[in-house]
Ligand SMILES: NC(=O)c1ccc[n+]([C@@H]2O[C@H](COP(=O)([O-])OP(=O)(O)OC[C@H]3O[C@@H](n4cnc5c(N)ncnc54)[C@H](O)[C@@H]3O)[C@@H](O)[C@H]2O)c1
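Before any questions on how it binds or moves, here is one chain, the form predicted on its own, in structure tokens.
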């Protein structure tokens, strides 16, 4: 194949850092259907904060015809002369936790319209084993009129982006690669190896690479579910869970997981993709789904623990003023996708409490659009009956939380990060 010209389809938390990295060495066209996102990126700003503005501006091009660099667009004609298409769109679940492949289908249709002989389409979206070849390839064939593994080829290289993590950036995370033929697998591997300093691992098949990705987050989900269950047990026994984990962690092979709310677009979603495929084969996965049930129920558990503490202090629940600190799915990151802090808020609201939400990282507009909730980005200038620290943003460590509490108020630290005395924590 001639010199790579890469199209990255989807410029979110995964696609933009990857496009930026490839753009240091190749011509890259970043494609996204969100016109506002394109305008923002072409102006040199990334609202997800995954790529610093200065770094983004270093690779930006004002024309799709360049030797190296990144040009962002929502016009399909601008990706028509690319020979690699990397798909990085979301793969969510619906309200019944069934996989939603619509973004993958739509992006495959987009690529299919410009696909040419010899092109390679690489998927990075997290899926269950078989999606790339059984779901996406037929769409590419139907739209393009080309024949799979004769006219065009596919690869799969699962994303391993950790939103908000400035240490483990995309080039520093070892990349799993794969291809629809052995030759294409090597070709895909060489492409990634040219920019990934941490190295690559060429999997023997696309299904192996898909399965490897989906179990990474399932394993983490199960481990967190275990310590969440421990937290429930030790709370009943009056034992400090963090102290127990610290003591157990002195053994060399003890895994250092901590209890908490498990949301986000990966850990809170990927196990359902694996479970769905397992059930299609007639197997009901017990451990995977048990872990999900435990973690999905933590928002309700936290809310009930908060209310118990308020009752013990004779604080009237209905009409009480509560401040929830943080609504993003993890600390020091603006990502609010599938955040379980919302479960805490919803359950507290069900008791008739008046909920206020402060998060210095989240977008007011996005939270309102996604969840119908109002938040503030500044510390409220009033007092509350209860404060629930739901997300461990660094800014919360510098707040005098006692000054925000009414006398005899409740302070509940979900993440266990506060040094001051608190009434409750996981």
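Worth saying up front: this structure is predicted, and the values here are computed from it rather than measured. Residue numbers count along the first chain shown, from 1.
There is also a form predicted in complex with the ligand; it is not shown, and the following applies to it.
- Here is the short version: of 340, 175, 337, 292, the single residue with a heavy atom within 4.5 Å of the ligand in the predicted bound form is 337.
- This chain is displayed alone, yet in the predicted bound form one of 260, 129, 163, 112 has a heavy atom within 4.5 Å of the ligand; that residue is 163.
- In the predicted bound form, residue 385 stays away from the ligand, with no heavy atom inside 4.5 Å.
- In the predicted bound form, the ligand sits within 4.5 Å of a heavy atom of residue 13.
- Among residues of the shown chain, residue 210 is not one whose heavy atoms approach the ligand to within 4.5 Å in the predicted bound form.
- In the predicted bound form, no heavy atom of residue 277 sits within 4.5 Å of the ligand.
- Using a 4.5 Å cut-off to the ligand in the predicted bound form, not one of 4, 68 and 71 places a heavy atom inside that distance.
- Partner contacts here mean any heavy atom within 4.5 Å of the ligand in the predicted bound form, and among 220-228, 155-163, 282-290, 192-200 they occur only in 155-163.
- Shown here without the ligand, the chain has 88, 89, 90, 91, 103, 106, 107 in 82-107 lying with a heavy atom within 4.5 Å of that partner in the predicted bound form.
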